[in-house]
Ligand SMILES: Cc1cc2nc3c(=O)[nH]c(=O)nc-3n(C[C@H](O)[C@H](O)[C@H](O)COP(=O)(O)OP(=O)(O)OC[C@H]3O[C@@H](n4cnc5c(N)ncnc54)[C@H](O)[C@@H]3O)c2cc1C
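One chain is shown next in structure tokens, namely the form predicted alone.
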Amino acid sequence: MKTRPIVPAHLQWTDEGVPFSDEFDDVYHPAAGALEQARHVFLAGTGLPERWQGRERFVVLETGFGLGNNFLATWDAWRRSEQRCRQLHFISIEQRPLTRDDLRAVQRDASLADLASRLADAWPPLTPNLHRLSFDDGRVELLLALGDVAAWLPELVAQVDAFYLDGFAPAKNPQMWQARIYKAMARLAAPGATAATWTAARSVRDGLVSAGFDVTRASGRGGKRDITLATYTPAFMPRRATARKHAPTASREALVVGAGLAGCAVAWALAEHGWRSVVLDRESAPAQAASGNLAGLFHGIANPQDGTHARFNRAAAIATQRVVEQAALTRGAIGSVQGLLRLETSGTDAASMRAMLAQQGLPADYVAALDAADASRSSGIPLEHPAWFYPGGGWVRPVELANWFLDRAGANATFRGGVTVHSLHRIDGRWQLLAADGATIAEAETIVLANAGDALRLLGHPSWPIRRLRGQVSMLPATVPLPRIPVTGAGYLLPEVDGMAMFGASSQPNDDDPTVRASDHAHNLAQLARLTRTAIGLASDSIQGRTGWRWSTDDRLPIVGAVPDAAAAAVPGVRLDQARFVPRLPGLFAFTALGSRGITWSALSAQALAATICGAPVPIESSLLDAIDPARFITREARREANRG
């Protein structure tokens, strides 16, 4: 997906106090009529709240978020409904979103004031991403897609029950009412999906009919203007890709192998969907292996291409900021979301960095470019390079975050330590985890392998390009000058953590030595000197350290998704040109290869995986889901074979 800069709406006000868009030369719906219109046109027009009664989940897709009135009215109706669905998913696309200040300035109906305040509190940085905002303990989810509606609709992974076609009038904003919009809606529509819009323009009605909707005209509120209502009744249902077909089990239970950040995060994410998990680990407590370091960093990425890595890391970092803030607030987890500096050592100056950010339209509450002087002032230590400042970045103790994930899962997650899984078998539609003596440890229809490199052994060593990297961090008493916020680049230095200075780290492939080595401490000290212009004159044998291993792919992205069925994929004629079409082993999922970015990637990846397992809307776009899919390696090989042929 090619991203474009997000330009916030320039909200103005008429003499009567009605919000007005100068770009589209049209008014937003005033507060006095917004709630009435939302209830009459969109809720009643799509059969709500009756249609969500008794449902596990209900999915609404809106084509123009605007001031947020339709979302607030739907959320309010869900809260008031006596037989509401367990989860409400509201997906909304907005090309010109409001700033948080403008969102707060909008006058609301008194009944929506509290919800509007909570929405403003959760409002994300205006980056071109699919932002997941969670309310009411995860039972209400807003997926806010910032950008062009025509670009976003093909990227959404969801089955939609109701469509709200909103936005400025077709004559004012024709891009939102193109024929391809309706065709993209059909790809997303669940059987019997309903749609409503306040306009009865002929072009809109014809577009819906051509996409398989049965269309009727109805009276608008007060009988002043007709509206359009529709139901999806196609002659045939569009084919869905293999990896996008959801067949959730009736048991709603999963076994998760591995209790590091990945395993604990997926238990949390599944719990939000009402699933129960048993999390198994060979250690006696969670997060004792790669997640056992004293602390670790998280932050996004900015680069001129704004490609897959930048988009995924940006979305992941924003999600991590939210969970670390909540962990600190609710559990007192040790960490900080006060910002992070990533030094730019390539020779690029701060002016060029700022020009790049301006071209991409990335907002300052996501990333800013600082010259060396400003970076030094922000960190509190002298720095000689300009830096990218990520206001939502920071650090956290991984074990605290892992335990917060399990705490939030509550009774829906059970930890079992001291368990070593020797093998994995599928019998009669269920997966069995076996001990070395052949005894069954546990069985379930759904298994998530979140046990780093050991997942490869259980899967029979698939030909995934993954490397095992040994890393050693160094620690010494905090008697040296330390930054107020983390500083990273070629190496990193954290603020004081438990009276210690932590820095590093070394990285060696195919190195199984578990000892803490003086040579690695020397390497880390040299990195620290280059990073901060501070040489620490200590003998390496006086420094403490910890050794661990990371698993990383050659494309520097995690492995998250349903495990491919290699035998089925080898059958001639099977479509392999895109990862989503590769056949899968039913009920078996992988969540591994988080490399050195486990803290940054764990929350968003877990949410994407849980949504895939449960059949819920996925909180990242389809192209990014393909980029982290374990089937991507089969797809690449198939393309290479095709080119050779």
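Sequential numbering from 1, following the sequence displayed. Everything numeric here is computed off the predicted structure, so don't read it as measured data.
Keep in mind that the form predicted in complex with this ligand is missing from the display, and what follows is about it.
This ligand in the predicted bound form: contacting segment from 109 to 117, 153 to 161, 288 to 296, 189 to 197, heavy atom within 4.5 Å = In the other structure, the partner sits against 288 to 296.
Has each of 268, 478 and 496 got a heavy atom lying within 4.5 angstroms of this ligand in the predicted bound form?
-> Checking in the predicted bound form: none of 268, 478 and 496 is within 4.5 Å of this ligand.
Among 393, 260, 558, 564, which has at least one heavy atom within 4.5 Å of this ligand in the predicted bound form?
-> Only one listed residue qualifies here, and that residue is 260.
Residue among 216, 420, 345, 440 with a heavy atom within 4.5 Å of this ligand in the predicted bound form = Selected option: 420.
In the predicted bound form, does residue 580 have a heavy atom within 4.5 Å of this ligand?
-> No, no contact at 4.5 Å.
Tell me, yes or no, whether residue 69 is in contact with this ligand in the predicted bound form, where a contact means a heavy atom of each within 4.5 Å.
-> Answer no; every heavy atom of residue 69 is more than 4.5 Å from this ligand in the predicted bound form.
Look up in the predicted bound form whether residue 600 has a non-hydrogen atom within 4.5 angstroms of this ligand, and give yes or no.
-> Heavy-atom contact with this ligand at 4.5 Å: present for residue 600.
At the 4.5 Å heavy atom threshold, is residue 306 in contact with this ligand in the predicted bound form?
-> Taking the distances in the predicted bound form, the answer for residue 306 is no, it never comes within 4.5 Å of this ligand.
Partner contacts in the predicted bound form for 464 to 479 (non-hydrogen atom within 4.5 angstroms of this ligand) | Going through 464 to 479 in order - heavy atoms within 4.5 Å of this ligand in the predicted bound form - the hits are 471, 472, 473.
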